[in-house]
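First, one chain by itself: the form predicted alone, in structure tokens.
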């Protein structure tokens, strides 16, 4: 079985950037699991589906294709808000979770394994992951980071959105955001993104088999 890394954490903590850094450093296939929910949200908006229509939402989930997701089309707050709302639907989650697991089972020879980041990777999608990281940071710092990413939005609005999304992700009935057993917590509040990435890479190296560490791409 190939090497696997699960990276979880709330919005704005830096888990996505860290996951991309780790994937490139150790030649791992990367999947931002949140993009599947954002793609589902895009389809919900496109097809005018009611976020309370459970049957239609499951149909939407089946249409999501991990090979055809265009990240740049999904990075806006409207899609993020819809994604967070529909993510509480158990049937939709089950379909997308299976798609994420299928992704980890199709590893091309050029990769040494996989790294997935999201909210429930270590607890639900890849509970058997070789390394589990939970990336977190102070909510004020996370709001400031999001403000820099979305210059047109006000800090207070983003802070309120972060709190709402955290509460929704932590308290949903199906696969709530939790810290999995044997998870290493990395708080990025007082770290630059470069420092956070290097720290994460050091943790990953410690959990990797020697054969993979020796053949990694620097």
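This is a predicted model, so every value here is computed, not measured. Positions refer to the first chain, counted from 1.
Below: the form predicted together with a small molecule, not depicted.
Comparing 35-43, 157-165, 184-192, 53-61 against the small molecule in the predicted complex, the single stretch with non-hydrogen atoms within 4.5 angstroms of it is 35-43.
Put simply, of 144, 83, 95, 107 only one has a heavy atom within 4.5 Å of the small molecule in the predicted complex, and it is 83. Between the options 135, 131, 87, 126, the residue in contact with the small molecule in the predicted complex by a heavy atom within 4.5 angstroms is 87. With a 4.5 Å cutoff on heavy atoms, residue 75 counts as touching the small molecule in the predicted complex.
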